[in-house]
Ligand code: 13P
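Okay, here we've got a single chain as structure tokens, the form predicted on its own, with questions on binding and movement later.
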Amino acid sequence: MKLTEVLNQVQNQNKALLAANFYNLETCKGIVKASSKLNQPIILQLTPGSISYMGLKTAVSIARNVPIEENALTYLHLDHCNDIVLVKSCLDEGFDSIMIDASDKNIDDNILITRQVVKLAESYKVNVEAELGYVPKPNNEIENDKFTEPADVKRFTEETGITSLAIAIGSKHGFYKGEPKLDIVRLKEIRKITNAYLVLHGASGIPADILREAISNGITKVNVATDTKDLFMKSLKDIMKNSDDIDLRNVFPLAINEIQKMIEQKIKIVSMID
């Protein structure tokens, strides 16, 4: 089943699909083990930075082979890319989904760049995601005037031909200062305007009840990244404080287990599993 078919299925069920970034073999294993245990599909995401760190072919090999070993249904997505050359390389490597992020441009340039990528990806028949509005990066704070404008959504989706739309409604990448608040009224308006699969970036740190409210009102894909990096590093630091073991094959699995447990909880939230 293609990713767009799964997204359509969860959208019709008022559920969402979890998309989790991985950074190495260990974080990928933790994410995939959670997917396998709950028998729920998941999207594995790679940013340009992670691809640069691991190498494209190595990263793709991890993303393709770990799910086979763990008997999990996963899809591979290129996250937050603004390099069309890299987009083409990822398409050639068989990615199921790609994101072109020109959200820092004005809407005319965003449409122009996004439309080029949609045309490029056309023959590959994959999910294409773009961002309208601006979801702040880790070192920036939320600005209401940069939220997605419902009035722009129809034009943007129709002129670009995207299948998925990341929207800015109060989430951010990185850590939050205080409890995040999502603009559900704005979300409802956007949902009425487009049939594109709506994506919530920056879901790490958003409480379960707020996430589920967003999903019930139109969010179909939920991205997490910060929680994975943070938990993996904290787990390793705690483990090494209490152990002199130099065998990483004994140490890393303990951190993998923590990632698995966290991702299981995220999957249950977005899949509406009690």
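All of these numbers come straight from a predicted model, not from anything done at the bench. Sequential numbering from 1, following the sequence displayed.
This protein has a second form, the form predicted in complex with this ligand, left out of what is shown; the following refers to that one.
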Exercise: S36 in contact with this ligand in the predicted complex, heavy atom 4.5 Å: no
Check whether G174 has any heavy atom within 4.5 Å of a heavy atom of this ligand in the predicted complex, and answer yes or no. yes
Can A225 be called a contact residue for this ligand in the predicted complex at 4.5 Å between heavy atoms? yes
Is T220 close to this ligand in the predicted complex, meaning a heavy atom pair under 4.5 Å apart or at it? no
Which one, 184-192, 67-75, 198-206, 147-155, holds residues whose non-hydrogen atoms are within 4.5 Å of this ligand in the predicted complex? 198-206
Of 34-64, which residues get within 4.5 Å of this ligand in the predicted complex if you count heavy atoms? Q45
